[in-house]
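Just the one chain here, the form predicted on its own, laid out as structure tokens.
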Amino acid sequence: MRLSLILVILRREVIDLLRDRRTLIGMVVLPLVAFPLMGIGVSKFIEETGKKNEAQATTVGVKSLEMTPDLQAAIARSGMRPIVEKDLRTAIEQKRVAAGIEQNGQQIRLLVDATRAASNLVADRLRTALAELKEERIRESLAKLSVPAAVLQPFRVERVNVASERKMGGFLLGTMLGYIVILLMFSGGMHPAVDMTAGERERKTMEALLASPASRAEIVLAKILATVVALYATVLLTLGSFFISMKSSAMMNDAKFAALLGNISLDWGTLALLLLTMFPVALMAGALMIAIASFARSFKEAQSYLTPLLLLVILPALLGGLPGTELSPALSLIPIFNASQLLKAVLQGEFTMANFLTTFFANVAYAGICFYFALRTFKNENVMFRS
């Protein structure tokens, strides 16, 4: 293959993509606008929801104000205002009270609507107050018997997390980063792939390109590289706006969360590994979408062909970021899943070169298979010139 011809066709395709308003909106405008607006919206929503739940988490239903001293003390300690309701369940369901509390002998029951955050909040506060009150009563009883309170706690159990802050931060970010990046790669490359195949067929420019001195392999490779350029631009812009919006969102108001993300190593070496991990996946995505879209007679038909592909990659990308899954030589051979897993491992700083190379070359092989499939499609005259 001749590099000069590939670069000429690549330049042509990129210029055509940049002239397309729909491509620019999907590749540049939406990534730079959607995530910041989404971050601001989510932040405001979380803040307003928290205030609303706090305002509602002030009342607890009781059957009578003539309660036992323990119950009165627990309600007072939790800061709740008791409201008499004959039917506590109905009162909770109709949101007249956030939660309910009733006593039957030695048993105290907390009635809660588990679907309401305010109701759960009241129940947690009452449970904490009752637990503190219970300990106080036990200590008083032990003191009367001249038994030291230390018998209540013969030993202490302390849970120590040995994972570094970078590992924890990479774990938190890696669970969603792989899914987001892979999903963006396939969704961001969909429109360019359709435009360079079915779009050219609609514009009647495909015939002129096929009649040029460039071979079919050079044309296919140039179109795939143009798709990779488009989807890489989409991913980089989206991730950039994602990090900015995440830092300004309500999550970053949590000091622990902010500290964890702040300890993630995003040096040039880590960024290079992330981009290198996704390069064969991008080639595979571009080749596969070019091949599939080439069968379509129209832009709309090509989109209907590629939509199921987008749905197929969601599951392995999501499973790859789930906690409890670790990359192994066998799992490194599963496409999409392996890249999602490797992205998380790179962010955590815990990946082996064997798994990295296995994942990389496995995806290179899959990209080669998809390229061969796309080339076969372009060499099929019945497919390329059907109307």
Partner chain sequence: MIEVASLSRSFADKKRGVVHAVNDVSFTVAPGEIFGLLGPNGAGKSTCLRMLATLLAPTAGRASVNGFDVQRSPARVRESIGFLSGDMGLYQRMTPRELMLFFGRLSRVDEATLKRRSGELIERLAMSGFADSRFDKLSSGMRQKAAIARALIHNPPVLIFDEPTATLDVVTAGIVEGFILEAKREGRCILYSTHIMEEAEYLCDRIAVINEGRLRTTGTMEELRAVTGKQRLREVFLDLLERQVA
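Positions refer to the first chain, counted from 1. Please read all numbers here as calculations on a predicted model, not as lab measurements.
Same protein, other form: the form predicted together with its partner chain, not shown, and the subject of what follows.
Checked against its partner chain in the model of the complex, the residues Leu309, Ala131, Leu315, Leu210 give one hit for a heavy atom within 4.5 Å, which is Leu210. Although the partner is absent here, Ala214 lies within 4.5 Å of its partner chain in the model of the complex, judged by heavy atoms. Contact annotation for Arg376: none of its heavy atoms lies within 4.5 Å of its partner chain in the model of the complex.
Contact annotation for Arg81: none of its heavy atoms lies within 4.5 Å of its partner chain in the model of the complex. Asp113 falls outside the set of residues with a heavy atom inside 4.5 Å of its partner chain in the model of the complex.
Checking 180 to 188, 196 to 204, 233 to 241, 279 to 287 against its partner chain in the model of the complex, the stretch whose residues place heavy atoms within 4.5 Å of it is 196 to 204.
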